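The chain below stands alone and is given in structure tokens; this is the form predicted alone.
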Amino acid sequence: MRVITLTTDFGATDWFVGTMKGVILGINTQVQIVDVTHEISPGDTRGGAFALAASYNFFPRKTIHVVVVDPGVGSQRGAIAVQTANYFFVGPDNGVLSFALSREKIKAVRQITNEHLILQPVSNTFHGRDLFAPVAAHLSKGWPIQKAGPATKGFVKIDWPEPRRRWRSIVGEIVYIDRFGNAITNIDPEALFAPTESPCEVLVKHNRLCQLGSFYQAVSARKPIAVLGSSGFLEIAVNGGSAAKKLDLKIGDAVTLQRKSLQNPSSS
């Protein structure tokens, strides 16, 4: 049984997600549909790209990942199906697939144009139902990706902000805030200081914020801490609370990780 995952900004209030599942099951009843999340902020392609990248490789090989965060629906933006060495990806060509695809060996990228694979007439406001769901369903039945449409060499990419390592500090930024209010940064283990180096602390907006710890309750209740989270990136959290609310953190805020012995952040 093949697996199809769904990641969208549709939420759970309306009929959109259920309708996509109905289309998929109408084409292939022998498929398992998994909801990754439907709570991406409306139109937040970068947030959708991060959610996909944080989750896609925990699924079995040949899983088909469908992502619909599509503020350009009905416009001239492309629609693509991608086959990599391990997975399939289906969605709008607006960068929402790009973080995950940057980690994969790409075998084929196809524009979705085959009218025999999609629902007719195609709505200009619901390509999740009319394009992406049916294409994913046909792929789950073993249809070759070449049937989706003509090959294309590239796809739209969202720039990933690389952290900057200096002599005694690492400067990154907040790239995602989860429902608990944890502020996830772009600082990954490869960018972190070696464990033998002096203890580190985190600064945001040039203010000393918290220490670097191993788990959320390494500090007392309602106190901030930075930990290496399950996404594989450093995140700022508050034990028992929302770091985003308590500390007024936003996506794009600069985050500096520095050794405690460094007193003046501006000298890094």
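This is a predicted model, so every value here is computed, not measured. Numbers for residues come from their place in the sequence shown, where the first is 1.
The same protein also exists as the form predicted together with a further copy of the same chain; that form is not shown, yet it is the one meant from here on.
Q: Tell me which stretch of 121-129, 143-151, 105-113, 165-173 has a heavy atom within 4.5 angstroms of a further copy of the same chain in the predicted bound form.
A: Correct option: 121-129.
Q: What is the one choice in L117, I158, I184, L101 with a heavy atom within 4.5 Å of a further copy of the same chain in the predicted bound form?
A: Looking at the other structure, the residue within range turns out to be I184.
Q: If you check C200, L203, L228, V219 against a further copy of the same chain in the predicted bound form, which one has a heavy atom within 4.5 Å?
A: The option sitting close enough to the partner is L228.
Q: Heavy atoms within 4.5 Å of a further copy of the same chain in the predicted bound form: does Q32 have any?
A: Q32: yes, in contact with a further copy of the same chain in the predicted bound form.
Q: A51 versus a further copy of the same chain, in the predicted bound form: is there a non-hydrogen atom within 4.5 Å?
A: Within the cut-off, so yes.
Q: If you check in the predicted bound form, is S214 within 4.5 Å of a further copy of the same chain, heavy atoms only?
A: Result yes; S214 sits at the interface with a further copy of the same chain in the predicted bound form.
Q: Hey, in the predicted bound form, is A254 touching a further copy of the same chain, heavy atoms inside 4.5 Å?
A: Although a further copy of the same chain is absent here, A254 would stay clear of it in the predicted bound form, with no heavy atoms inside 4.5 Å.
Q: Any residue of 1-24 with a heavy atom within 4.5 Å of a further copy of the same chain in the predicted bound form counts; write them all down in order.
A: Going through 1-24 in order - heavy atoms within 4.5 Å of a further copy of the same chain in the predicted bound form - the hits are M1, V3, D9, F10, G11, A12, T13, D14, W15, F16, G18, T19, K21, G22, V23.
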